[in-house]
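In structure tokens, one chain follows: the form predicted alone.
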């Protein structure tokens, strides 16, 4: 078995996965959302202190498996440094005390492999990663062959939802809240700009769109619930159209068979729906998404990557 730890932001998570069968034998995640909600976003120092409390509590629940683990995996980058260090410290302690390999996992690759938790890996495919910290389009040919086609030059898709939610006074995390409010709103009431609309480059940007939303809120002076729903819907429309317009440029220049959406914001059904429509324009392209429970940060995806890393490292004894 392999033990995996995820602590890159505000979720404390540990999983135990069978190396041979890829089955998840134990998993638990403790969310910090209620602690950060009053601040409208993640407070790094608070997140670190909560990881220090939560991770040992989770480890207590999986002690029965520890005698059988052959390696320990942990997210080492990217993420909040003060959060990452708590998971890394635990992973190092386990590795040293049990004299087993320590496997360092990239969080973004973890999101890619969230598609393959308890499944066999099927590559190549093109992946759109949309999360609170990243918006990135990648061609994934193998574990060690990942090419970035385009990424954000400032803010991310998920982060922009959080900021719009905060500006509207709706709470944190903003993604699901804004999406829910948007369902009752008029997406054509506010004519928000589509970022980089005239640029031929495949890259993403959300700072200008966030500023446009801020100005619209200021003009309202006092907003009611319908205003909040209309702003949410209009913002979501522009934010999503930005992605689909850039994807259309990419699809015109390539021929792909499989396309995946991963990351916390891949749970957004409006985004998935619009991308499905776009993919249908280009023929028989299969759309893959993780199970809903695997969209956000989780230790299972870190364990799944680590297993592939072990299998690729023929010199490592497990």
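Small disclaimer: the values here were computed from a predicted structure and weren't measured. Numbering follows the first chain given and starts at 1.
A second form of this protein, the form predicted together with a small molecule, is not displayed here; the remarks below concern that form.
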Practice task
Although the small molecule is absent from this view, report whether residue 176 comes within 4.5 Å of it in the predicted complex, heavy atoms only.
Solution key: yes
Practice task
Answer with yes or no whether residue 242 is in contact with the small molecule in the predicted complex, where contact means some heavy atom within 4.5 Å.
Solution key: no
Problem - 4.5 Å heavy atom contact, residue 132 and the small molecule in the predicted complex - result: yes
Practice task
Although the small molecule is absent from this view, report whether residue 204 comes within 4.5 Å of it in the predicted complex, heavy atoms only.
Solution key: no
Practice task
Look at the stretches 68-76, 152-160, 219-227, 190-198 and give the one with heavy atoms within 4.5 Å of the small molecule in the predicted complex.
Solution key: 152-160
